[in-house]
Structure formats: C-alpha cells, structure tokens
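Just the one chain here, the form predicted alone, laid out as structure tokens.
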Amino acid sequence: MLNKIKELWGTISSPSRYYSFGILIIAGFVAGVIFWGGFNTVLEATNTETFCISCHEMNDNVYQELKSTIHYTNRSGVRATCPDCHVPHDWTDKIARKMQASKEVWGKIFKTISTREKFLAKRKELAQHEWDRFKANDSLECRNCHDFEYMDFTRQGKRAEAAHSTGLAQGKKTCIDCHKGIAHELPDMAGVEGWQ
C-alpha cells in the first residue's frame, strides 16, 4: 500500500509530458469557463438600471428627469432603461462603450458632479460628450428600438413625417441631431452647433 502511495505521489510530483499536457488543457478550459462566466456576469450586472442609479449623481439628477418622459412611462408599457440608450446591444460595441465609460469612474472618485450645483455646472459638457458619441455611432442605441425601415410615416405628425423622410433620403442626419433632450433636460444651448 505504501508503495502505491509513493508511486502515485511520484506521478503527481513529476508527471510525464502527456499527463502535464492533458492537465494543462483541462485546467485551461475550466479556468476559461470560470473567467468567461464571471466576466459576463459582471458585464451584465453593470448593464442594469439598478447599477446605473446606484450612485446618487445619476439617481438624483438624470434619472429623476427620465421619469417624466415617454421613454419611462407610456401607453404601450415599453420602457427604456439607462443601458438601452447609453450602451449598445451588440457585444463588441458594448465592450467598447464599457471601456469608454470606465473613464467616468474618475468623475465619481474625484467628485466632479457630486452635488446638484456641480452637475448643473458640467451639464453642457457632459451632454455634449453624449451627443458627440451618438453622432459618431449614427445613434446606434436609438436604432436598437427605432428604425426608419419600420416607421410608418403616414401615422406621424406632418413635421415628424417631413423630418424623418428627409433625414432618411439625405442620410446626413442621425437621431440625436433633432432629438436632443428627448429623455433628459437640456442644458443652456447657447453655442451648441445646429441648435436654433
């Protein structure tokens, strides 16, 4: 029995290259599954409205504004949450946005918008960053739910019908060009390009 234990210990302490390779493959696979599962769990946990409004900066400012819009409460009962509008749905775009958003953690750490007054002072700058991002990605997050292809222009108001059909025909405008302030209050718009 003692010999068997010594033999087993010898195999474990100095396995042949075949055992080593097999163990590395299995251990690598298990570690990969654990890492991927943990990574996706954290990614999805940070992609919820509950996570977004867990800091008072968001809860006390922009979330309160969202509550009075059609994106929060409407006749159909479909509600957009923070990630619906601020995080793309496709995985690669979502990862890129999450990496971009990691810079926003600095604002939390250094308390750049920790009070209502600080938030209002930076509101135009923060809004401009989001508008620029929406413009650069052709309002990708809006298009997750709204798409010209599925719009019935005849059921829209005359102004909306004209704007949407012109925007579609020209292909030069994106949602955010006309729909700034759709879910949040606008800052002082003096000096904002293209704003009347």
Ligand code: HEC
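One rule holds for the numbers: they count along the sequence shown, beginning at 1. These figures come from a predicted structure and were not determined experimentally.
One more form of this protein should be noted, the form predicted in complex with the ligand, which is absent from this view; the next part is about it.
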When the contact criterion is heavy atoms within 4.5 Å, does Val105 count as touching the ligand in the predicted complex?
no
State yes or no: in the predicted complex, is some non-hydrogen atom of Val30 no more than 4.5 angstroms from a non-hydrogen atom of the ligand?
no
Quick one: is Leu43 in contact with the ligand in the predicted complex, heavy atoms, 4.5 Å cut-off?
no
Do Lys111 and the ligand come within 4.5 Å of each other in the predicted complex, heavy atoms counted?
no
Residues Met99, Ala136 and Val192 all lining the ligand in the predicted complex, heavy atom within 4.5 Å
no
At a 4.5 angstroms cut-off on non-hydrogen atoms, which residues of 115-133 are near the ligand in the predicted complex? List them in order.
Phe119, Arg123, Leu126, Ala127, Glu130, Trp131
